[in-house]
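We begin with a single chain expressed as structure tokens, specifically the form predicted alone.
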Amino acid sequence: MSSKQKFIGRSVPRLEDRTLLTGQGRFAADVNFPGQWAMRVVRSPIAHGRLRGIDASAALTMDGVHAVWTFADVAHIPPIPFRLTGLKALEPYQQRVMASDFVRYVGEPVAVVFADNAYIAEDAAETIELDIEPLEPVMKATDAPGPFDATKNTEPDVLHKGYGDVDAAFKAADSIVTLELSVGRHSGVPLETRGAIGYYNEALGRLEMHGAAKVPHWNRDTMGRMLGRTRDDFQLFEGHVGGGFGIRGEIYPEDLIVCAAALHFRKPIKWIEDRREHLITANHSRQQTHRIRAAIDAQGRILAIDDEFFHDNGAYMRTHAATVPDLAAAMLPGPYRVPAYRATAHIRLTNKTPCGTYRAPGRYESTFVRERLLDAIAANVGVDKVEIRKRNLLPKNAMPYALGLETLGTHIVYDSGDYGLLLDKALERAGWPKLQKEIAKRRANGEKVGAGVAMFVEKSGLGPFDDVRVEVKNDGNIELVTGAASVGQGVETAMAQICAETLGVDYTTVNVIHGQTDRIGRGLGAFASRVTVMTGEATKRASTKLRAHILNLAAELMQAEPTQLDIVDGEIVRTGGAPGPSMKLIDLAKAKPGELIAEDTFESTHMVYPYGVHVAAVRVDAETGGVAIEKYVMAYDVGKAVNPMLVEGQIAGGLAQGIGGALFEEFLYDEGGEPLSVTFADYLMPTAHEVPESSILITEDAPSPLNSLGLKGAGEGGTNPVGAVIASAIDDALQRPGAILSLPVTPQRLRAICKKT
């Protein structure tokens, strides 16, 4: 057998980078059409009020202004529907593309201006006068629900999840540990703000939207229904994307308005968001308050957990509906044995920006809560934080482990894992015993230093399907078309690696086409760390099918049996030293034009579950409230790393976002609902100065049995436990267990904690 190049498992360079690094990327703002108009959105300056009138007369007299639309012009567009976890009770709270009678958050669209260019549109928008009668805003999800309208209040639904006899466990407990914990409101802030260009292609009779991302096929189908278009006459096109993280790719009001306007005016309509708009109108996330208690035995083993929490969803239920509170409730038990469990999630609306998902949605929050609880249990029974985790971890022989809960339409069954082994490896990488001695020595000299550890289980590979089509083109290169999407995570490279190794070609010859709804009939895009698992397995299947097809075709021409042939570096060769000529793949493609093509699908009804451990050491400055992260170790088992460098990049980037939520980032409002975080001077993001050098340990000890490569996703493991582990380390530095009860731990809050006796 001839030797073939192995690409799966190698840190080969990214195929995407040359285009991006040489400035050839094509982002939404780079898309232009002749004769296009610019759109500017007029937004509510009031958090809650009755919209009594809109005067656009001055704007309409300005040169270059073509039209001003209000709700009456878009009343035919139905509310934006849900994509995930769409509970019936939430539907009356869906958002319309523009406000009609009431405004419910600062930034809600109330009108749009169409003009020759963005400058005229913005100037015109500022002349539009709004008559809004202010109403009392609802600003705290923990307060009793207030009125949403005449018939509904601001609690659309309450989720209940659980198993086992929780009440009996609490009666039998040796001790009960109770905490109230909260996570602040923050979200993804990509370098590229949102943008959408609606274009009516007269030649094809086709409406197009450029600037799509993340889930273009679902958005095409859904927006098409909302706009009265069929699959054939409405298409979405994804370009390069400057950061995703959950916030991008949902259906926002602006996406629908540019398409409706392009269809109505038969003009290209371009809308590019500015930074202030992004901070006050794109999906926020995270904000939850948990009241949790654990029943434990004398050794600190968990008998039951009972958690009631309040999810602040902002003014409307957007595309993700109940996804975040549902995941928080479902994933809270984590890697531990919890014999009985009960979660009650109050979905509450407030007069703030509506919410969606953000990297590790529901898990960043629930991991913080659960790991704080583990630290509190350790303090209660007088053992250290590592020992309490070991006492409660699920053992390897418990796998596969059915948690007894559902989320995202699937039963949670941990497919594989050795949590104890990974904890040991992480502690070894961190030099835990030596670290403890160093901390003790420095603490004796008056320094406030400490270390924390946090564990978590992630989920990835959400189905139910992915399709891939692979073709050898007449120039010998491979074209791989998928319904997946790219938000910068390296989709092109990872899929090319799997295809290349399976087929027997170099990965640089594989051109991955994604996010183009006119190139493949269906697709589910990129979210929930699903692409490598779902699209990767579909790629392997399609490539395997194509390989077999190629060998059958070549066998006829080479007068050999298919089993006597192989493909090595793009050349069809005879195996085992059998005599006879070889054939280049390009020659076969030319001999059989259009025939070297295969398609396949991977379907899965169960997610896969990577897992990880983070260890952090910090130094606290009690005078300034500053936190310096001195050591950070991340261990993550992904089953199989297609490209370890890409996995490390995902984890390192995720750490930065986790630190933001732990120490810096928070969307704040005043009592009247006015946003206070409207620039980067107000909304503090970690820079290279605040993100420490980290050590990343990728392991493959527990491949998933649910796909042939053993793949598990890696997109969210760098973010998930960061708030939890930093809180644990700060507690340790202060020598005050339970000191940190909320995120972010800003300098002001930490100074206040330090001043408490």
Partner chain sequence: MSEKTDVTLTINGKDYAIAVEPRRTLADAIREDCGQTGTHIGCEHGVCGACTVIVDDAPVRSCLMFAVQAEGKAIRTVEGLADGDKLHPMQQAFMDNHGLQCGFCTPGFLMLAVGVLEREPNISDEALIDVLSSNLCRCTGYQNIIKSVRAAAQEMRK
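Numbering follows the first chain given and starts at 1. Just so you know, these numbers come straight off a predicted model, no measurement behind them.
Beyond the structure shown, there is the form predicted in complex with the partner chain, which is absent from this document and is the topic of what follows.
Per the 4.5 Å heavy atom criterion, the partner chain in the predicted complex is contacted by stretch 651 to 659, the sole one of 651 to 659, 106 to 114, 611 to 619, 431 to 439. Relative to the partner chain in the predicted complex, residues 474, 578 and 600 are all farther than 4.5 Å at every heavy atom. Although the partner is absent from this view, residue 604 stays clear of the partner chain in the predicted complex, with no non-hydrogen atom inside 4.5 angstroms.
Using a 4.5 Å cutoff between non-hydrogen atoms, residue 275 counts as a contact of the partner chain in the predicted complex. Shown alone here, residue 680 lies within 4.5 Å of the partner chain in the predicted complex, counting heavy atoms only. A residue is said to contact a partner when one of its heavy atoms sits within 4.5 Å of a partner heavy atom; residue 97 fails this definition for the partner chain in the predicted complex, lying far away. The partner is absent here, but in the predicted complex a heavy atom of 245, alone among 456, 199, 93, 245, sits within 4.5 Å of the partner chain. The partner is absent here; in the predicted complex, the one residue of 187, 281, 235, 351 having a heavy atom within 4.5 Å of the partner chain is 187.
Taking a 4.5 Å heavy atom cutoff to the partner chain in the predicted complex, the contacting residues in 8 to 24 are 14, 17, 18, 20, 21, 22, 23, 24.
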